[in-house]
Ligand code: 4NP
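Below you'll find only one chain, the form predicted alone, shown as structure tokens.
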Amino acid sequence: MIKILFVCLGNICRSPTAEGVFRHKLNQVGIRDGYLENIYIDSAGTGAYHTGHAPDIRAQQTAQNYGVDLSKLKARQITRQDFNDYDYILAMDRDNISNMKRMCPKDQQQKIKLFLEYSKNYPTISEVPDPYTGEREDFEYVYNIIDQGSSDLLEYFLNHYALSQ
């Protein structure tokens, strides 16, 4: 089983959007995720600011406009165990990579990468900006980056793993 964890600061904007969008894209090609499947995805934050809360309403509304439901997701903070449990830990920005590397065992740090590292469509940006203090259009911009990045990530997984469809 391939386990993927999307990570941002508070786990209410970028990483739950990435979780929801990537799950949606998997479902569109007939791949289900979960403990009884061959892929499992989740999201977390490096901070505990919003633990237990649903994603930001602006993130939910933006995703819903594209048919992606984030309403059932709940924020959680990344744990030391996550570094052992997940194969890919994909951060939205370098600050979150720095935060994770401080708590991650040395032998697991190779799992931590930038989410956009797998994107061939964003050669000039490497980080997904945080829309939290912005306006609705900032959430739309971030959604579009995550949507394209998720398409590229899905293509990577389809080319590198035998995922049943």
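Residues carry their position along the shown sequence, with the first being 1. Since this is a predicted model, take the numbers as computed values, not measurements.
As for the form predicted in complex with the ligand, it is not shown, yet the points below apply to it.
Colleague: Please pick, from Asp130, Asp33, Asp42, Glu127, the one residue with any non-hydrogen atom lying within 4.5 angstroms of the ligand in the predicted complex.
Modeller: Among Asp130, Asp33, Asp42, Glu127, a heavy atom within 4.5 Å of the ligand in the predicted complex occurs only for Asp130.
Colleague: Contact with the ligand in the predicted complex for Tyr122, defined as at least one heavy atom pair within 4.5 Å: yes or no?
Modeller: So Tyr122 does not count as contacting the ligand.
Colleague: Within a 4.5 Å heavy atom cut-off, is Tyr66 in contact with the ligand in the predicted complex?
Modeller: Tyr66 lies outside the contact set for the ligand.
Colleague: At the 4.5 Å heavy atom threshold, is Lys111 in contact with the ligand in the predicted complex?
Modeller: Result no; Lys111 lies far from the ligand in the predicted complex.
Colleague: Report whether the minimum heavy atom distance between Ile145 and the ligand in the predicted complex is within 4.5 Å.
Modeller: So Ile145 does not count as contacting the ligand.
Colleague: Quick one: in the predicted complex, does every one of Gly20, His24 and Leu70 get a heavy atom within 4.5 Å of the ligand?
Modeller: The answer is no; none of Gly20, His24 and Leu70 reaches the ligand.
Colleague: Report the stretch among 99-107, 113-121, 34-42, 49-57 that approaches the ligand in the predicted complex to within 4.5 Å, counting heavy atoms only.
Modeller: Selected range: 49-57.
Colleague: Which residues in 1-40 have a heavy atom within 4.5 Å of the ligand in the predicted complex?
Modeller: Contacting residues: Cys8, Leu9, Gly10, Asn11, Ile12, Cys13, Arg14.
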